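Taking the form predicted on its own, here's one chain by itself in structure tokens.
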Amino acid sequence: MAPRPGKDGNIWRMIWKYKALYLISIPSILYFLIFKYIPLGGSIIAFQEYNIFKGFGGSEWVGFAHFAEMFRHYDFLRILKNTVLIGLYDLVFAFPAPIILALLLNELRLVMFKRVVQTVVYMPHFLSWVVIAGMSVAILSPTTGILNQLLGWFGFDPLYFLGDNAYIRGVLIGSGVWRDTGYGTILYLAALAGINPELYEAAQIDGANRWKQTLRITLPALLPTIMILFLLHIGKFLDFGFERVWVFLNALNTENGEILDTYIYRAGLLSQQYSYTTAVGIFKSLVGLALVMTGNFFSRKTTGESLY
């Protein structure tokens, strides 16, 4: 890490001294400027009645009218509720899954077997959501799906998982857990590899079994990594992902399955309500920013770990 500039404030001398570091950071800075910050200027259409032919300069200014319309819309609260619930389920079930899997993998002693298991659980992450949706349709089919075949063997009636509002949220969360849990273990396994083995040897001498070693050594060592990833996760609380949901939606499960991302696509691109859906997008981003700042504050106060 480069030291802070001296009291003489000679920043240029410091930049010249560490010019190699600043040089290799330029591509990343340009990437964020071009693809992340400059497009933010387009958010101005949320405060206009944007006309694609008149452009930013010629479109009529309407202030916060689109934000007010958003909260008055008969469907908005239902879609917001779906987004919050799905985000909450993802936080409760999907976030701890890589931690648990990493702890289990860490207990494996046969190196070859451990590598095989790691490879198998990593692979689903590289499948597209379209492929996963196709596999889910085949597995969950009420007539030929293996899951309903198993239910039939135990005397249960077949369930139409993708055609019933009651199951769509479970399908969305379950498919995400299956796809990303293995890949999510990478950072936790890296953190586990950094723990000093002498701590475990000392604990064994003191009579601690594997469970106590996990509670007293492994989990405290993982806590900084868990907190940082938790803060990053809650920043995406309302940003569940368009493609992930869109491929599972149909007319029978939209009531409980539609989220803000799919609503923005349907109302913004298909119905050409650009200004209105930009307002919805800004609302979603502001909620995410507020959650990150709140979580970061409490994390710094309670654990000493924070993003900034």
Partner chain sequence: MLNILFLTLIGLMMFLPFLNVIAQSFSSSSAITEGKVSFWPVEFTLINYEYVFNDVSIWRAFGVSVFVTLVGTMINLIATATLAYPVSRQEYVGRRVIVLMVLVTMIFSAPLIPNFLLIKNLHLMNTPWALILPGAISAFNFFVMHSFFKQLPPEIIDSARIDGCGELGIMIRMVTPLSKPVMASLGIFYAVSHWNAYMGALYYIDQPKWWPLQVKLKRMFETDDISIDPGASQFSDLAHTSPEGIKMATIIIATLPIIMIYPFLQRHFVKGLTIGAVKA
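Not measured: the values here are computed from a predicted model. Residue numbers count along the first chain shown, from 1.
Just so it is clear, the following notes concern the form predicted in complex with its partner chain, a form of the same protein that is not shown.
Report task. Using the partner position in the predicted complex, report whether residue 247 sits within 4.5 Å of its partner chain, counting heavy atoms only. Result -> Because a heavy atom of residue 247 falls inside 4.5 Å of its partner chain in the predicted complex, the answer is yes.
Is it the case that residue 227, even though its partner is missing from this view, gets within 4.5 Å of its partner chain in the predicted complex, heavy atoms only? Judged by the heavy-atom cut-off of 4.5 Å, residue 227 is well away from its partner chain in the predicted complex.
Notebook entry, point to check: Is residue 211 one of the residues lying within 4.5 Å of its partner chain in the predicted complex, judged by heavy atom distances?
Noted result: Residue-level check for residue 211: no, no contact with its partner chain.
Do residue 156 and its partner chain come within 4.5 Å of each other in the predicted complex, heavy atoms counted? Judged by the heavy-atom cut-off of 4.5 Å, residue 156 is well away from its partner chain in the predicted complex.
Just one of 212 to 220, 82 to 90, 97 to 105, 162 to 170 has residues with a heavy atom within 4.5 Å of its partner chain in the predicted complex, so point it out.
Checking each option against the 4.5 Å cut-off leaves 97 to 105.
State the residue from 199, 192, 139, 234 whose non-hydrogen atoms include one within 4.5 Å of its partner chain in the predicted complex. After the contact test, the surviving option is 139.
If we check its partner chain in the predicted complex, which of the residues in 274 to 290 reach within 4.5 angstroms of it by a non-hydrogen atom? Read in sequence order, the residues that approach its partner chain (within 4.5 Å, in the predicted complex) are 274, 277, 278, 281, 282, 285, 289.
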